[in-house]
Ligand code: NAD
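Below you'll find only one chain, the form predicted alone, shown as structure tokens.
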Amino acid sequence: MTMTLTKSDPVKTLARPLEGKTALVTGSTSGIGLGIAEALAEAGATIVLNGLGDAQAIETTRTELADRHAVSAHFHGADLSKPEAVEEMIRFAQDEAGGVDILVNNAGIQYVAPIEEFPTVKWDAILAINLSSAFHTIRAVVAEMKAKGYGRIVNVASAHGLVASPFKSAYVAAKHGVVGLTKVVALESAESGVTCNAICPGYVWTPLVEKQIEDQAKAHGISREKVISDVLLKSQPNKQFATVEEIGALAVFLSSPAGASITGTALPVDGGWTAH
């Protein structure tokens, strides 16, 4: 959609820089993905949610997001481990929301074990969701983006896309792969008006992290404060969790016209973790 600007609407344009764009955010029914979807909707984008959870809760999330930000919001429950389901989701976005101008690959799963004990089924699942699904979504949308001369691809990688930690072989391998995929897509799309970047968060405050704190405190017999400072945030020099709002704001910036010359980057949001 082409916007005609008049003297009466510069404030609206500045406040909602993604008006007329459609954003598909995978893994967006909770946590970081939902925070990104909220930020993109606040910036004016039509939203396509994707993820797991209770059907009624997801419908409530969808309708509340749409009402809160005065945008259209849709949901598709594709199983991202299945390429054919990813293709169906992209067709849904094209049919119901007019295509995909902004793609945010956020979906991810985790499993922790020494490599000699790491179940092969977990390895396969983590690579399928955390890495291969990003390949399949990008492959399905990038030609249309290039044809339109505009597209924004934001891959949510991790600090573990830049550095490693023990016992996370599949997750670290997948997230390093996401960073590499980001660079390749950026180079292939550099002259087309399409950008591709990776956001690399450290620990982000979500309900899932809150549960991890409680579980680890019980398992190790230590206070939740000790879990936060000595376990979870041990590698983050600022000793603070990032927020979903911070990740969402960065995704909006990268997706906006202001991000036109930023491509092929892996941007840490990790309190200095990867500065070591």
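These numbers come from a predicted model, not from an experiment. Just count from 1 along the sequence shown to find any residue number.
This protein has a second form, the form predicted together with nicotinamide-adenine-dinucleotide, left out of what is shown; the following refers to that one.
The three residues Leu18, Ala134 and Gly193 each lack any heavy atom within 4.5 Å of nicotinamide-adenine-dinucleotide in the predicted complex. Taking a 4.5 Å heavy atom cutoff to nicotinamide-adenine-dinucleotide in the predicted complex, the contact residue among Ile90, Val204, Ala173, Leu181 is Val204. None of Ala249, Ala66, Leu52, Val231 but one reaches within 4.5 angstroms of nicotinamide-adenine-dinucleotide in the predicted complex through a heavy atom, and that residue is Leu52. Contact annotation for Ala97: none of its heavy atoms lies within 4.5 Å of nicotinamide-adenine-dinucleotide in the predicted complex. In the predicted complex, at least one heavy atom of Ser28 sits within 4.5 Å of a heavy atom of nicotinamide-adenine-dinucleotide. At least one heavy atom of Ser81 is located within 4.5 Å of nicotinamide-adenine-dinucleotide in the predicted complex. Proximity of Val156 to nicotinamide-adenine-dinucleotide in the predicted complex: non-hydrogen atoms within 4.5 Å are present. Across the options 111-119, 185-193, 73-81, 137-145, residues that bring heavy atoms within 4.5 Å of nicotinamide-adenine-dinucleotide in the predicted complex belong to 73-81.
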